[in-house]
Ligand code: ASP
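In structure tokens, one chain follows: the form predicted on its own.
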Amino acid sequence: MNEQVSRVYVHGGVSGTVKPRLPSLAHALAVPLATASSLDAVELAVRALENDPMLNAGWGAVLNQEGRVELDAGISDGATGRTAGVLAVTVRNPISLARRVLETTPHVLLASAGAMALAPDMELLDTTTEAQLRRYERAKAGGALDPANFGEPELVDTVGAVGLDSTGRLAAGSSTGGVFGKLPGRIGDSPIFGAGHYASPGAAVIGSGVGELFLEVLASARTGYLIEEGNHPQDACERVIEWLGARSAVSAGLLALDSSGRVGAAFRGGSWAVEGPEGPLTPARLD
């Protein structure tokens, strides 16, 4: 008998600006919800988000300071404790490449050429959407590609998913094009376990926001630990977002799921699209 994934939740990236209409993420849920494994569900959900030209991951990715695409992704299997990430790669679906690292190598992280050597059959991605190309050209012509602008609210986005299957296995995955105008070679939190994503037998967590902040404090792991200590995922997300807000004013979001299917989501910033089996969620805004 085919087991059904009981819970999958996705997000489209926290925004520093208030959007009058949030994008629908329903297209990223239909297939994952009918998948037997939480790890499969997370990969499929993130792939769908990577294929969405309106989101900063895969096909819709932002460009770095030199006008090139550099993508990061990470995935974690809470049941086994295995995790893997890819850094600065150029495939359309880096989440699938991260899973390949997890399942076919003894490594946790592979970067650029080393990771790409595992992707001979994957669709390459050396450009982005026309909208992102025009955005880059405007910024370049206007002198806006300055490291001093790094982390401005309108430059930051990530996508991700958490999943729980009928056997109680949790998984988490995150993918991003990074920060618009970033220095070449810059790596954010998305591929790093404990920073941009976290999964254990008791909790699955993903983050969204300026990666440097999540890397410095391992925000996803902190949230996971609170859940493992018995806190509701909503309380855990709110506590860590409040703590992050005391440290930095940049936009940040956390989405979490526990082994009983309870979900939590909280953020600082303008708006954040989060969706699950019951439809769009309204994350707690703590600004």
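Remember, predicted model here, so these are calculated numbers, not experimental data. In case it trips you up, residue 1 is the first one in the sequence shown, and so on.
Not on display, but discussed next: the form predicted in complex with aspartic acid (ASP).
Mapping the unseen interface onto this chain, Asp157 counts among the residues with a heavy atom inside 4.5 Å of aspartic acid (ASP) in the model of the complex. Not displayed here, aspartic acid (ASP) is approached by Arg186 to within 4.5 Å at the level of heavy atoms in the model of the complex. In the model of the complex, aspartic acid (ASP) stays beyond 4.5 Å of every heavy atom belonging to Gly181. Within this chain, Ser190 lines the site of aspartic acid (ASP) in the model of the complex, having a heavy atom no more than 4.5 Å away.
Screening 206-214, 119-127, 76-84, 94-102 for residues having heavy atoms within 4.5 Å of aspartic acid (ASP) in the model of the complex returns a single hit, 206-214.
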